[in-house]
Ligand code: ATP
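One chain is shown next in structure tokens, namely the form predicted on its own.
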Amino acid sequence: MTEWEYAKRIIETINARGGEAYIVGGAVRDYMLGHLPDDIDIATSLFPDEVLSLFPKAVPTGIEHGTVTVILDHHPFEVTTFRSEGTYSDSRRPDRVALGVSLEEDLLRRDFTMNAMAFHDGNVVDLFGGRLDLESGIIRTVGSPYERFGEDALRIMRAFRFMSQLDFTLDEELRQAAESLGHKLRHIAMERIAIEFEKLMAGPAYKKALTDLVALGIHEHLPDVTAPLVEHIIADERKPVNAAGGWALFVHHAGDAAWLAPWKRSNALKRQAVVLSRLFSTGLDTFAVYETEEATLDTYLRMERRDGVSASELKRTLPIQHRKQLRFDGRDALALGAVGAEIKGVLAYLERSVVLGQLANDSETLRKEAVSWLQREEKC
């Protein structure tokens, strides 16, 4: 069964209980654009306890916001009670959530018209012109953009993210509101902004979105994002293919491995970005293939448009793929009298020599070369 068919089962179960239920949000948008979505959210007139009673496997994952996760054959679906939201005094989250409202009130609280449609039994509920905006390639808020951005300033970044992903244009009033209220992004958790920025950079129209981001001054509210830096990113022929690739372009053109620190990304992601940015400068040699993780190497090859070769193929051409395959280890170095930093030094030397094809990965060959290396070190 497809995700859409599982969602239909949930809706039919709710309908049989006398409730209303609809597929809502991004899934409807994607369906209208001709894509069968994988991530499907459902909105219902039933309250959470009623939803929980209908399904053997259901978890109250966001009960304070009316959300229950229903699991069918290991496929999770968020089912949320129709709700309205009060004011957003902190520009991040609603001060009050009211359950048990109408579908219209539920859709009214959503960000953009294209995300404020509902679908059920072949019919699309479109109260705010989302279908027409999709056809026109326009990103428009539900109601006043000043109100929507005032409620949650992250919606500004979401607008640019959708602009990049869909290659759409921002509505003129939305542009004016974003320019006026961009400073409110300073009240938003950096992790949330970074996620939207990553998605923006991974979209096919990321250069278009970046251009508008600077034109409206939004970059001034993002850490260390300057107009000249963005110009370098736009001029770069490398296309970011994932989050690491997008960040790597900024680190590379900023010329600073620490540029990414304020964005609060994981250490693993930061490491990938720094390695990629270094490869952009040095290029790819044999030892770089060896010491670069396969996933990072794959990102580099895709960004450089080296379509005829894969990271795994390059790795397989090497004499060894990791140091554990070296037929000389720390115990062998100790047996030759090496101590402290000498052990690390001789292993690094032998490893590099084998990878570059200067030495055979043979125990006796490596032992003899280690003796010579240690003797040279003693003379220094």
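One rule holds for the numbers: they count along the sequence shown, beginning at 1. Bear in mind that the values here come from a model prediction, so they are computed numbers and not experimental data.
Keep in mind that the form predicted in complex with this ligand is missing from the display, and what follows is about it.
**Q** Would His252 show up as a contact with this ligand in the model of the complex if we use heavy atoms at 4.5 Å?
**A** No, His252 stays farther than 4.5 Å from this ligand in the model of the complex.
**Q** Taking heavy atoms and a 4.5 Å cut-off, does Thr292 contact this ligand in the model of the complex?
**A** Output for Thr292 is no: heavy atoms all beyond 4.5 Å of this ligand.
**Q** Although this ligand is absent from this view, report whether Pro48 comes within 4.5 Å of it in the model of the complex, heavy atoms only.
**A** No, Pro48 stays farther than 4.5 Å from this ligand in the model of the complex.
**Q** Taking any heavy atom pair closer than or equal to 4.5 Å as contact, tell me whether Arg110 reaches this ligand in the model of the complex.
**A** So Arg110 counts as contacting this ligand.
**Q** Can you tell me which of 279-287, 203-211, 303-311, 156-164 lies within 4.5 Å of this ligand in the model of the complex, counting heavy atoms only?
**A** In the other structure, the partner sits against 156-164.
**Q** So in the model of the complex, are Glu198, Asp256 and Lys264 all sitting within 4.5 Å of this ligand, heavy atoms only?
**A** No, none of Glu198, Asp256 and Lys264 comes within 4.5 Å of this ligand in the model of the complex.
**Q** So this ligand isn't shown here. In the model of the complex, which residue out of Asp171, Asp126, Asp152, Asp133 has a non-hydrogen atom within 4.5 Å of it?
**A** Here the answer is residue option Asp152.
**Q** Considering this ligand in the model of the complex, which of Glu342, Asp41, Glu351, Asp332 comes within 4.5 Å of it through any heavy atom?
**A** Checking each option against this ligand in the model of the complex, the one that comes within 4.5 Å is Asp41.
**Q** Residue by residue through 112-146, which ones have a non-hydrogen atom no more than 4.5 angstroms from this ligand in the model of the complex?
**A** The stretch 112-146, when checked against this ligand in the model of the complex, contributes only Asn115 at the 4.5 Å heavy-atom cut-off.
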